[in-house]
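In structure tokens, one chain follows: the form predicted on its own.
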Amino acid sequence: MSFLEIKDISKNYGANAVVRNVDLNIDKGEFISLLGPSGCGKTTVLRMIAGFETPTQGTINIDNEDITTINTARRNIGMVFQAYALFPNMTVANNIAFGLKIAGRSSAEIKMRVAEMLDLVKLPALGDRYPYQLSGGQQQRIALARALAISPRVLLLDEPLSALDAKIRVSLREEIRSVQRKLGITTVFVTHDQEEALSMSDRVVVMSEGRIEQLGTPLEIYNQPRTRFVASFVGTLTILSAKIIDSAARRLTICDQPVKSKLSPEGKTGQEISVALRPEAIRIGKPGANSNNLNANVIDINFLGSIMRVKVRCGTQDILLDMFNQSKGKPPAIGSAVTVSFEPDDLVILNA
């Protein structure tokens, strides 16, 4: 049985449904990310787990205990907020100790635990400072230490990195994941940043309009998106219109040119469907023996450092592909005719 079980929860504000029939089972020690655009319901799900919101319907269980209506303070959940939420009039040590004091721990136990948490987040010498004396990244580490000090059953992270600059974000997300693995704590992380979700998570929950669009490992979400929304939201790719020629034989046409897919598309002969291709799955040059090939013309090239993103036009449809930036190699000229190729495995059939 799963450690954290969310069963058919919904949340309505009047006639407005912000979370709709969400089911989610999370194993003990698992790191799950709720990923989606603003307003998709991911933070509301997190707040219902924390007890800040009560579901309109459904239940939430932790370790076989129904916590749906239990007071927040009695859930033994740690939470890290986007805005740090440290007490400005308390030292770093007192911020970390706050939950322990509320729980009635002894002074000796609190002192030992605070020192342990400061070591864990690699800030052992900053206990006497105040939040205003810390950088943003340091404040967020202290917020994490405070959340972990009470030994929570579940750790909730509500976009904790969004207020930080890019380099600190990368460093801190690695530290958060390292700490989570070390402690083996069940963690739910809310983000709108796909790179954060894909790099940190055991599984990713992609949400849209209050519903779960897809749940899977980062590789599954990226390589096998099931819906048009997931395909367009996660990563860069090209969504193309294709026509079914023979579903059983997995034969299609794109731009009136024949291609094959790994999976049989659902639909009738002549029906138009949507398919997707990642830029890194497409190449220019000599195709493989079993590759799909499309004749196209180069219409644009963007230099992105380690790669060059090339846009080609096939019929009336544009396709993006990536080429490594190699000192001895040259990109094709804009306006030139090229053959682009990709494997049948790389052609993703999208649901409506």
Partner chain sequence: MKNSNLGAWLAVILGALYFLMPLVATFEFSLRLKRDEYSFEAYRIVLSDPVFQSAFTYSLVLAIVTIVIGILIVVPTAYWVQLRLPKLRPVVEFITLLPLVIPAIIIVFGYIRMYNTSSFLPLTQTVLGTDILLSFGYVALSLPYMYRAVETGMRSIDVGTLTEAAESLGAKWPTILLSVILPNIRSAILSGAFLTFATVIGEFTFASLLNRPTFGPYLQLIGAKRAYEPAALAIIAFVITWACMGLLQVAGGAARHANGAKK
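Since we're looking at a predicted model, the values are computed, not measured. Numbering follows the first chain given and starts at 1.
What comes next is about the form predicted together with its partner chain, which is not displayed.
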Candidate from A166, I102, A125, L219 lying within 4.5 Å of its partner chain in the predicted bound form - any heavy atom: I102
To verify the annotation, which of these, N89, T236, T269, S107, has a non-hydrogen atom within 4.5 Å of its partner chain in the predicted bound form? N89
Tell me, yes or no, whether A85 is in contact with its partner chain in the predicted bound form, where a contact means a heavy atom of each within 4.5 Å. yes
So in the predicted bound form, does R146 come within 4.5 Å of its partner chain, heavy atom to heavy atom? yes
Interface membership of A249, its partner chain in the predicted bound form, 4.5 Å heavy atom rule: no
Verify the contact flag for K311: yes if a non-hydrogen atom of it lies within 4.5 Å of a non-hydrogen atom of its partner chain in the predicted bound form, no if not. no
Counting only non-hydrogen atoms, choose the one of 223-231, 73-81, 112-120, 187-195 that falls within 4.5 Å of its partner chain in the predicted bound form. 73-81
Could you pull out the residues of 211-227 that have any heavy atom within 4.5 Å of its partner chain in the predicted bound form? none
